[in-house]
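Below you'll find only one chain, the form predicted alone, shown as structure tokens.
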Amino acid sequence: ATSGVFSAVGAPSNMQGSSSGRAGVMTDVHRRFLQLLMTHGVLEEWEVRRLQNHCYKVHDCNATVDKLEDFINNINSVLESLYIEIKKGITEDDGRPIYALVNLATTSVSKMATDFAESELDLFRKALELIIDSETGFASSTNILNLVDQLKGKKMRKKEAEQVLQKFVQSKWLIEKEGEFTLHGRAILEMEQFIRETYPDTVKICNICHSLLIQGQSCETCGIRMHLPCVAKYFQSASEPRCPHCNDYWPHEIPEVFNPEKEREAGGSKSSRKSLRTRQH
């Protein structure tokens, strides 16, 4: 998508153009921001704000920094004709806001990245199927590696497959926790439509936000599921949490709602990171 985007919006020039242009007009500030976001693939909101400030300093240090939402809406209005947009989501385990550049046309596994071989993409496909079929939203490394003999394309040994899985982690398509893999927020943002269409019988949807759910909690009575951040918000002020569908007692631990202000006071977004992930499903 990179060449298509930049042929449409133009690459950053060395000219100091005013950055507070009309909606739908790309300035050097916007172009630089888009280029760097594409390089990273996905960023947390605090990183996106830092990136925006950096782009203003480089290209238009005297301009007033636009509100992030307006700034991104401006870029999206230009990208719309390319079926691409900067999309905001949240991490499933702890509710952190994230941004990724995604293709609005259904992104299949074969189109999700051009820097992977056929057998590597097939390994991702196998991992994806195991993750979606699982109750927890995780697939063990052992279970994924046991499927290497079934891969299309070039034969792959288990050692190679382990390296490929790490490649997907580095590219922010998968997350690894204690020898198990789940989908990164980037993959969920980019591939939600594909997953819904491809796995209609096994796909899980959050009862609160109605988005794709990979990790979450479920009601032991009626079986509805909720993302952990949605659980946190829904039961925020409830003294006795009850299922929003069947009204039965909700037996799981209620996670805390992500609070960026509290996070900053605690000493930065990475050092105090506390996952809300729970194994109760």
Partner chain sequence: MSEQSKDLSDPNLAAEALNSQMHDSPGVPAGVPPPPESPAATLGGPSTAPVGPTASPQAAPPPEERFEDIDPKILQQAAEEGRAHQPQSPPQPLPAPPAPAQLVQKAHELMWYVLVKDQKRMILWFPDMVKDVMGSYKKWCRSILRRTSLILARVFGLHLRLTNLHTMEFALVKALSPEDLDRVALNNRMPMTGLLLMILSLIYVKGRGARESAVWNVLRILGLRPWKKHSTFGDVRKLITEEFVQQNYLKYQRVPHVEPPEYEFFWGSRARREITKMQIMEFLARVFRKDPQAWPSRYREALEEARALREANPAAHCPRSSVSDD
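Since this is a predicted model, take the numbers as computed values, not measurements. Positions refer to the first chain, counted from 1.
In what follows, reference is made to the form predicted in complex with its partner chain, a form of this protein that is not presented.
Contact annotation: residue 150 falls outside 4.5 Å of its partner chain in the model of the complex, judged by heavy atom distances. Proximity of residue 93 to its partner chain in the model of the complex falls outside the 4.5 Å heavy atom cutoff.
Contact annotation for residue 230: none of its heavy atoms lies within 4.5 Å of its partner chain in the model of the complex. With a 4.5 Å cutoff on heavy atoms, residue 32 counts as touching its partner chain in the model of the complex. Taken together, the three residues 40, 61 and 79 all lie with some non-hydrogen atom within 4.5 angstroms of its partner chain in the model of the complex. When its partner chain is considered in the model of the complex, only one residue from 134, 103, 207, 182 comes within 4.5 Å through any heavy atom, namely 103.
Comment: its partner chain is not present in this chain, but in the model of the complex one of 68, 254, 222, 36 has a heavy atom within 4.5 Å of it, namely 36. Remark: of stretches 153-161, 186-194, 199-207, 137-145, the one touching its partner chain in the model of the complex is 186-194 (heavy atom within 4.5 Å).
Contacts between 162-180 and its partner chain, taken as any heavy atom within 4.5 Å in the model of the complex, involve only 171.
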